[in-house]
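Single chain ahead, written as C-alpha cells, the form predicted on its own.
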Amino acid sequence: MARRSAESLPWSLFGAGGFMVAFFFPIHILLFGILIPLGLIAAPTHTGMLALVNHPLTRLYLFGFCALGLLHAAHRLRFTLSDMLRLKHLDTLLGVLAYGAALVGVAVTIDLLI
C-alpha cells in the first residue's frame, strides 16, 4: 500500500488562499484605494463601518480573507526559497518558519476580530 503524503492540507490552503486573495483583494483595492478616495462613491460613516465590522458574517469573511491569504503566502514563500533559491536542504526549517509565521498572523487576526 502506498504511503500518503501530508502535503494535501498545505496545498489545499494554498489554493483556497490564492482564490481569496486573487478574487477579493482587487475589490478591496478598487473600493478603498480608488473609488472612495476619488469621491466616486460615498465614504462609509464611522458608525456604519463599525456596524459592518461587528457583524458575525463580516468577521468570518475577514478571518478567511486574512488567514487563507497568510497561509497562501507562507506556502508560496516556502517553495520559492526551497526550489528557486536551491535551499532544499532547509525545507523542514523553512516550512516551520513560514507556516509558524502564518499561524502567528492567524492568531493575531483572531485576537483582533474578537
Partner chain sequence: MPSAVPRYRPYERRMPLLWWLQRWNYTWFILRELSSAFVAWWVVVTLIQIASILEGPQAYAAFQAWMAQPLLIIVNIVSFIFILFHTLSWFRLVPQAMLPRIGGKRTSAVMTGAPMYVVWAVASVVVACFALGVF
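Being a predicted model, the structure only gives us computed values, none of them experimental. Residue numbers count along the first chain shown, from 1.
One more form of this protein, predicted in complex with the partner chain, exists but is not displayed; see below.
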| query | finding |
| --- | --- |
| Exercise: L40 in contact with the partner chain in the model of the complex, heavy atom 4.5 Å | no |
| 4.5 angstroms heavy atom contact with the partner chain in the model of the complex for L90 | no |
| Contact of L103 with the partner chain in the model of the complex (heavy atom, 4.5 Å) | no |
| Contact label in the model of the complex: G95 to the partner chain, heavy atom within 4.5 Å | no |
| Contacts with the partner chain in the model of the complex - residues in 64-85 whose heavy atoms fall within 4.5 Å | F65, C66, G69, L70, H72, A73, R76, L77, T80, D83, M84, L85 |
